[in-house]
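Starting off, we have a lone chain in the form predicted on its own, written out as structure tokens.
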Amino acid sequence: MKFDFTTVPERKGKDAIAVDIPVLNGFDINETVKPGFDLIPMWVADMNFVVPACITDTVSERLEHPSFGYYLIRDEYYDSIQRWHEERHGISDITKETIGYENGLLGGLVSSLKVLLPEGGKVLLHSPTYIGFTHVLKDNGYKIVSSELVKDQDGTWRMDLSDMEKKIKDGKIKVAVFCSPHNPTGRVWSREELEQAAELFERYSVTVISDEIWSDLILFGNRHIPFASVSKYAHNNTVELYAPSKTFNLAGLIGSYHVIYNPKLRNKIETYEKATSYNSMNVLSMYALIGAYSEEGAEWVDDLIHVLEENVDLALNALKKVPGIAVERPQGTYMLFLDCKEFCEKNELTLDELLKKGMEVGVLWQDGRPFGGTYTIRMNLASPTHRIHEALKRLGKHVWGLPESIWEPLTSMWEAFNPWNMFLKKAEDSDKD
């Protein structure tokens, strides 16, 4: 392991909503967390790792030049995006012209909707649904038509194509918002599934806005397939939205971008965005992307994925010991989506009471109801493994009521998985040689 994924950056007082937000899940954090427990942020989808030096060095080098006036977008910005997608996703047809900056992924979503659909129009979404979609669509006057994802016999989340078709046809829907990989379930769609969805959208002339912000965080040998790559129709009728923010924890710098192959569609959206006069890149976010989408950045992501896989394995081994908690193994992202219905009913708890029990011991997990389901909790696993281990120990002892002995094998597992321990052992063995 080349990079440090064990250091916990001190985020308190550093403007991070992950730990500085005063109220979470309806509870005052200062009043709810009991003395003796520090905060383990496991809610908002950002990471508790230090960013790689390739980003901070690139931004720092730009900061040494004491001028921040109007600027031109560097060719390296476009080159970095093209190279990244070709090397990571096998996509070689992205050109400078197809790339456009977006002031946040949700900003790109709204801009696209404003061009494609009048206010009050219907938009197809899958449920469970990313809460950001729900807010921006409703706030901008659009009507959400939800198609529920369903679980197959193996517990894998699937699109219900029959339900999607019925709702598209009945509602005369012309725009779908797609999430790939899916948030909050962590599902990575197969090529076959994407092709079937593209065929359906083509049948009813549906334009797709595809959120692919999680596309670099693919786990356990799965592969991300960009939606626009699965058919000629998808290629010409898709707005793909990306950002390095989830991959490298850069949300605070604001730096998303679109890939739109159809020149007419692209021109309409970019013309609208220019007219609003809001969609301007921060010069430092440009340099952050260039640093992130580098060879060192790619190596960092590869190591990160190993850590996330270990954290998922650790969490699922703990959760399977808790009667009444159901969770599917995510194929991408770093989020878990827990179904706590049986546990709450068995223990005569409301979801609010369960959420509070976790927060009392410093585990800041997230109410999943705004995403879907009446007894759901979302958990962020993008922290050093020893912090995930500590959170699970606290939940086991103080929330789930499991005996201490049950955590002994998990402790052994964590010690075996801990990448920093493996790095030190390798170094020691090298010194002996």
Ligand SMILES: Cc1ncc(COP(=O)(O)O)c(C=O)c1O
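None of these values were measured; they are calculated from a predicted model. So that there is no doubt, residue numbering starts at 1 and follows the sequence shown.
Below, we turn to the form predicted together with this ligand, even though it does not appear here.
Q: Is residue 142 part of the interface with this ligand in the predicted bound form - any heavy atom within 4.5 Å?
A: Heavy-atom contact with this ligand at 4.5 Å: absent for residue 142.
Q: Whether residue 358 contacts this ligand in the predicted bound form should be assessed with a 4.5 Å heavy atom distance threshold; does it?
A: Flag for residue 358 set to no.
Q: Verify the contact flag for residue 213: yes if a non-hydrogen atom of it lies within 4.5 Å of a non-hydrogen atom of this ligand in the predicted bound form, no if not.
A: Yes.
Q: Using heavy atoms and a 4.5 Å limit, would one call residue 105 a contact residue for this ligand in the predicted bound form?
A: Result yes; residue 105 sits at the interface with this ligand in the predicted bound form.
Q: In the predicted bound form, does each residue in the set 45, 130 and 133 place a non-hydrogen atom within 4.5 angstroms of this ligand?
A: Per the other structure, all of 45, 130 and 133 touch this ligand.
Q: Which pick from 311, 111, 238, 256 sits with a heavy atom within 4.5 Å of this ligand in the predicted bound form?
A: So the residue touching this ligand in the predicted bound form, by this definition, is 256.
Q: Which residue, 301, 188, 179, 194, is the contact with this ligand in the predicted bound form, using a 4.5 Å heavy atom cutoff?
A: The residue from 301, 188, 179, 194 that makes the contact is 179.
Q: Could you tell me which of 163-171, 324-332, 271-279, 213-221 sits within 4.5 Å of this ligand in the predicted bound form, going by non-hydrogen atoms?
A: It is the stretch 213-221.
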